[in-house]
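Just the one chain here, the form predicted alone, laid out as structure tokens.
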């Protein structure tokens, strides 16, 4: 069983967004999070009417991106940093959704640097139970209900569908040629599983393990933690990653070569998603699903 966003737990996003303090329907806001400066810089610079905020000394940048109210923030690397920034952003800005952008190491054999993964699920590969019989991947217990979530957290199907639609509109930057893949290189966008853990993976054996045991398509250090926070607080979340490397023995060298362009590819997809959200595509897709 896959865990979905709970309803009626703590302050759900639908409650937050229903009305403002004056009784007027609140304008939706999207939070965009990236771990590194390179992952958020392009989006931050695109913000119009920008306001800079400090929450507990940490910077958040609010403005309009493709016409939509957006808050951009840098998480810094790792699950604890990611969870902290996501929680502060949700508590302070009450977003309609949270988007995670940035780079990752590819695990799917058909991916190469520059290609992208839209998460349909996240899994924390280091949230496990070790025993003599092996490793059991586990989800976290909800701090209010005590219910244990699945190890795999589903992304909202409406956000996934918007991301897939947005990807078809974007001109991505090709990073590598035919020598890195079995077919002629076009930037490839797949929908799959993003694995998260507090480890930078540059190991062929670990890469193979994550692929074989979790069927993960890429590995990074923040997305699953943000997804857990959003699951707990009832806020829709979507993780977008562009491959900077293939999580193997050349991962660090590849990251140095490709990270900036990969981060820009991810940012371009996020921009296109926000553009569709501003055009009301989320409401349209939700209505279509209700009719089915």
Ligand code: ADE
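Residue numbers count along the first chain shown, from 1. Everything numeric here is computed off the predicted structure, so don't read it as measured data.
Another form exists, predicted in complex with adenine; not displayed. Remarks below refer to it.
Proximity to adenine in the predicted complex, taken as a non-hydrogen atom within 4.5 angstroms, holds for one residue of 247, 263, 43, 31, which is 247.
Just one of 75, 221, 116, 123 comes within 4.5 Å of adenine in the predicted complex, counting any heavy atom, and that one is 221.
For adenine in the predicted complex, the listed stretch (144 to 152, 186 to 194, 98 to 106, 167 to 175) containing residues with heavy atoms inside 4.5 Å is 98 to 106. The closest heavy atom approach of residue 199 to adenine in the predicted complex falls within 4.5 Å. Looking at residue 251, you'd find a heavy atom of it within 4.5 angstroms of adenine in the predicted complex. For the chain shown alone, residue 229 is not a contact residue for adenine in the predicted complex, no non-hydrogen atom being within 4.5 angstroms. Taking the partner from the other structure, adenine in the predicted complex has no heavy atom within 4.5 Å of any heavy atom of residue 47.
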